[in-house]
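Form predicted on its own, single chain, as structure tokens, below.
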């Protein structure tokens, strides 16, 4: 029944010529207005409503700390809009407590599915149990949680962060194959975040056993360009000889490039740089020779997330772990890929 039919039905109970008919007509219209207010209260900022049998999804994003995250948000919102599925969206601004509040709000609003990208790995059991008790399935995107109870979520869609770190480390071993000593500084992501933990682990696994590699400094730049610049400035002041910078994302690497150039050094030559993500600005820096190698981590998860949400809401079984397909880029490959890069 459309809204106009609903209004007509409630307002046509008696002829409007009499006082009683006019009163009943007013009451009917008021009732219709109340129904429409309730319906509009379920609408979202991300969709037009009515899609996928009125399925409503709540998504709690980490924030907007990097170009990668901005592209991830845009792709998710556009994918749900295209699918005509209402999406309630919240930005946690990098704070776990904000995400927990958003998830609890979605539970109260009785959405059909909750999806989120956790700010950090730990501390989710309580709120996820609340979602489970409310019979609302949860899907993790981009980042996972370290809970021992994997029944708290239906699926985790995202990259293999350990493998990304390993790819960066394997490139470093090849690049410095003839070196006798390699001093490495590391710009880590947000402390406690899954990509920071796993990319650090993967890199160390790759260089383990090769004694020429020495990580002489490691500090978080919080996945931001400003953080990368600030920490790299400190690295340069306290470490006279740096051969390689490993940054957990492009944005920190780009910030570090500013610090390196300000110190009178040439990024990509005096200090080799390997980063993760492959966002447009990072790829441009790679094409320009300021970054030497990038491991891709695609933010374009929206289409896959829509498919998973539909299946979960329908009670279908989905894979517990869904890994996105990604590649790596050298300078020449970056030059070839840049014209068609979507993010």
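Residue numbers count along the first chain shown, from 1. Quantities reported herein were computed from a predicted structural model and do not represent experimental measurements.
There is another form of this protein, the form predicted in complex with ligand GZL, and it is not shown here; the text below is about that form.
When contacts are judged by a 4.5 Å heavy atom cut-off, residue 60 does not count as touching ligand GZL in the model of the complex. Ligand GZL in the model of the complex is not approached by residue 292, whose heavy atoms all lie more than 4.5 angstroms from it.
Interface membership of residue 80, defined by any non-hydrogen atom within 4.5 Å of ligand GZL in the model of the complex, is ruled out. Residue 305 falls outside the set of residues with a heavy atom inside 4.5 Å of ligand GZL in the model of the complex. If you check ligand GZL in the model of the complex, you find a heavy atom from every one of 69, 199 and 249 within 4.5 Å. The stretch among 87-95, 105-113, 173-181, 241-249 whose residues place heavy atoms within 4.5 Å of ligand GZL in the model of the complex is 241-249.
Checked against ligand GZL in the model of the complex, the residues 213, 161, 235, 124 give one hit for a heavy atom within 4.5 Å, which is 161. Between the options 154, 143, 167, 225, the residue in contact with ligand GZL in the model of the complex by a heavy atom within 4.5 angstroms is 143. The single residue of 296-323 lying near ligand GZL in the model of the complex is 297, the criterion being any heavy atom within 4.5 Å.
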